[in-house]
Ligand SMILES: Cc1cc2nc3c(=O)[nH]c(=O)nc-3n(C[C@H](O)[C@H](O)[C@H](O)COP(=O)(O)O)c2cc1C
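Below you will find one chain, with nothing else, as structure tokens; this is the form predicted on its own, and questions on how it binds or moves follow later.
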Amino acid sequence: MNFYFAPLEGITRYIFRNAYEKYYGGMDKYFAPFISPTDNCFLTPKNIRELCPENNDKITLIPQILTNKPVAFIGAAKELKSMGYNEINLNLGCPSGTVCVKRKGAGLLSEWYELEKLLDGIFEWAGNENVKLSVKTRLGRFEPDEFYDILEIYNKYPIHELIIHPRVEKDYYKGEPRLDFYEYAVKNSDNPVVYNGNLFTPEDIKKHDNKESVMLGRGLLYNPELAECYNYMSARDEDTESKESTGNNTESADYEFNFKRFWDFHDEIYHSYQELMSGDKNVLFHMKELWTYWKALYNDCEREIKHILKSKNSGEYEAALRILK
């Protein structure tokens, strides 16, 4: 099974990606948080810094573009191609209200004429330039039944991979993914499909282990060892089946989370942010955002986590960390 690391705005920046690859790895692709080009400015200096090959030289990175205009997409894609990228992802899945109100992300899924106009333009360019285009999508904007017509639209184009988060825009991230619509896509898509959504445990992944590829997002933040744990459990299950068939069944040791590696991973990110950013405020903002996920690793340490999240400077933050360690 191939594992893709989902783009998470403000979190999976190049410092995070590089640290994750160094200490955990196992990702076949990393998808960068979206860039939002305009007709007059395709890539900002920040975009270039995040996507430049020298900051991403040890990973397979897929840039993602959020727009509803062919001119803006193609302009950004040309610059990305000049940087060495031959696969680019179109974001049609972002459920943010400020994005959707502009008919971008999942907001474009209710505007079928505009959607086809965008896809016509960008796939014509990509075909001429030999660039692969993948699409990350939701089922629709308001109702999942919209997906039947949307999939017919997607089937008109040579989409490299159709990454499906089986919710509609108004679901945001609430409720259960609508798996019956994903299975419909598996049977009826003319393009390869990738599953994304609510993969938090190895058992969640196992439900989809007949798929070629899955995209993991928040699950990898809650547990950086998620993919590794899945692989361990899969190998253990295969070994158990083999031993049962030969009559030599010995229990394997349970998987144990490696907290030392986690703290090395944390320190790499923390110190890199200190070098990149000026002042404690920006550094702590990003670290605290990560701790809203990492706190799941310490279910019985609410008081210690609270000290981390309330720290006002690096001294307080580091003192809170020492208590938790």
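Here the structure is a predicted model, which is why all the values come from computation and not from measurement. Numbers for residues come from their place in the sequence shown, where the first is 1.
Although it is not shown, the form predicted in complex with the named molecule is what the next lines describe.
Stretch-level contact check against the named molecule in the predicted bound form with heavy atoms at 4.5 Å: of 142-150, 70-78, 120-128, 214-222, the positive one is 214-222.
Although the named molecule is omitted here, in the predicted bound form all of Ala6, Phe200 and Tyr293 have a heavy atom within 4.5 Å of it. Proximity of Tyr30 to the named molecule in the predicted bound form falls outside the 4.5 Å heavy atom cutoff. Within 4.5 Å of any heavy atom of the named molecule in the predicted bound form lies no heavy atom of Leu309. At a distance threshold of 4.5 angstroms between non-hydrogen atoms, Gln64 is in contact with the named molecule in the predicted bound form. Contact check for Ile305: no non-hydrogen atom falls within 4.5 Å of the named molecule in the predicted bound form. Taking a 4.5 Å heavy atom cutoff to the named molecule in the predicted bound form, the one contacting residue in 78-100 is Asn91.
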